[in-house]
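First comes one chain, alone, set out as structure tokens in the form predicted alone.
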Amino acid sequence: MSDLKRGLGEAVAAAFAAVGLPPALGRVTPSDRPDLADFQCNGALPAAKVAKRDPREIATEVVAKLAGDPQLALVETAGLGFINMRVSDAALAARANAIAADARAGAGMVETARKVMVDYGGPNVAKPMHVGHLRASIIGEAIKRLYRFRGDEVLGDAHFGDWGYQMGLLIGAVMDEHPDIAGRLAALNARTGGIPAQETADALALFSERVSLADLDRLYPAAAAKGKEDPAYRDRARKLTADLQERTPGYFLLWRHFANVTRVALERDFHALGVDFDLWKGESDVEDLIDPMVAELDAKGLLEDDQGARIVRVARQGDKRELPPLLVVSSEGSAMYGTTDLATILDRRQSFGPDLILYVVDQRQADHFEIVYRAAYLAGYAAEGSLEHIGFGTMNGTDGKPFKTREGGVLKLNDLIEMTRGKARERLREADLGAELDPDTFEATAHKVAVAALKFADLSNFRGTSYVFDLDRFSSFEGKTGPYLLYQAVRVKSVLRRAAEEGFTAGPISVTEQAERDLVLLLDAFDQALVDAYDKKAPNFIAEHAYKLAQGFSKFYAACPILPAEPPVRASRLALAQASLKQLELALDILGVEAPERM
């Protein structure tokens, strides 16, 4: 199914070819002046330089070739040689009917599907998620859904941070605070041949009684700070990390407790955001690959000894600045953060064979990923260019600084979700919405409004930029917000319900009014928004389309009465309303937002 821009582009390209000029000059874009035209082509200006002719003369010849094209109600030369085009009502109606009949609402698919892995979320075991994880989760989920909707085979992986230096820090901190746990760990570590089931259960019960996720969250910052200041403390943590990675029984069992208590909180927070993962893998899942991988890197001549550690040099001739090497094995013998990232690439190649892996991670990690990617290319674990860092900026408070609590601490993600739910309830009541809903449905609706506020606030910005999160503004039912989009979707659903109750049905779409024309042109633009979002890995193109579509429907609804209209017109406008709702809900679903049935 071809959109109007593509169809006109083919016609204009043929017209340029017919006057002896390159068809590529016939590029068509939406008009800069929608009051004058629907689409425009500026190709006569560069053509004039090639042909050394007057651009208006060239444009006039091209316009003459387009005369009589049934897609066009008007085609004319303007200004220095611009070509303005107004689409015919018949062409608009044909496109609108095709969109209305299409389950994908006019959205195309990729010509060649790829296998794509999206690495996002990135929570750490033993730490509750904070607002810093919000953008990775929201953007990653949207990219995963977008690539899947476009036809790729896609897997999303949470990729837990669960096996590095922070685990050694926490094991040491727990032992320091709880001497009885330290004693139990020593006894378990002395075991050979495995730990009996009852002893395992008793140890886990002790850990559960003494060490909560809140305790771990409290202990980690102090331990991390001490590790920076005290070389002996740091060395002990590194030794504990290496012992854990050797699966020393007691440390490994305590680590299992860390993972268990964290998983409960992670699943709660991810579920609240409507974020799903196909894989819940972490750094620990590739531990068995690391020793063989290190041996292979050594055999390929990529490993070098450096002050007791082992490294892979990744600097290239022509680099504007030299990248440090990848530290593969520390001087204490433990695998490092980059080592597990490299092993994860190997694991993904063996288990899924992706054509592309997208890492949705804070853009401040760009150098780290470039180092890992170069090592993977050197080792032959991935094809050059098949690993891509999808960086993003920070979410800031109204003071322009990274979002914090009033006390200046890092805001927990669950606290932000609860705060936004509370604001959604307040907004619904202020707008006199939801009064007819039962309490459970009201709560479910408030949650959907909260998620829409959080996600649209993020996804309406290009991911590479930082943005200011203003809860009061983003939770409003007016303006460019997620709740506004939900309100418009619910409005369409209300109209369609009333039509069904009165026995009215949709019929063939005809286009006569300006608001109808504008709405169909917006519906037609969906596929281009998807293409732009896909190519640039930027969901803001879809968010922008959804907002414009909601606005367009609102203007159409005000200018073109639906239910009071005469039967043929009413049937046409009902079909337009149905197509608008279908496309809006598809766009919202890609963004990870669900519209309620009523408000």
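Numbering starts at 1 and runs along the sequence shown. Predicted model, so just to flag it, every value in this text is computed and none were measured.
In what follows, reference is made to the form predicted in complex with a small molecule, a form of this protein that is not presented.
Of the listed positions (Asn461, Asn124, Gln528, Gln245), a single one reaches within 4.5 angstroms of the small molecule by any non-hydrogen atom in the predicted complex, namely Asn124. Val361 is the sole member of Ala223, Val361, Ile290, Val492 with a non-hydrogen atom lying within 4.5 angstroms of the small molecule in the predicted complex. In short, of 419 to 427, 77 to 85, 103 to 111, 335 to 343 it is 335 to 343 that has heavy atoms within 4.5 Å of the small molecule in the predicted complex. Proximity of His159 to the small molecule in the predicted complex falls within the 4.5 Å heavy atom cutoff. Contact annotation: Asp524 falls outside 4.5 Å of the small molecule in the predicted complex, judged by heavy atom distances. At a distance threshold of 4.5 angstroms between non-hydrogen atoms, Phe369 is in contact with the small molecule in the predicted complex. Among heavy atoms of Lys281, none comes within 4.5 Å of the small molecule in the predicted complex.
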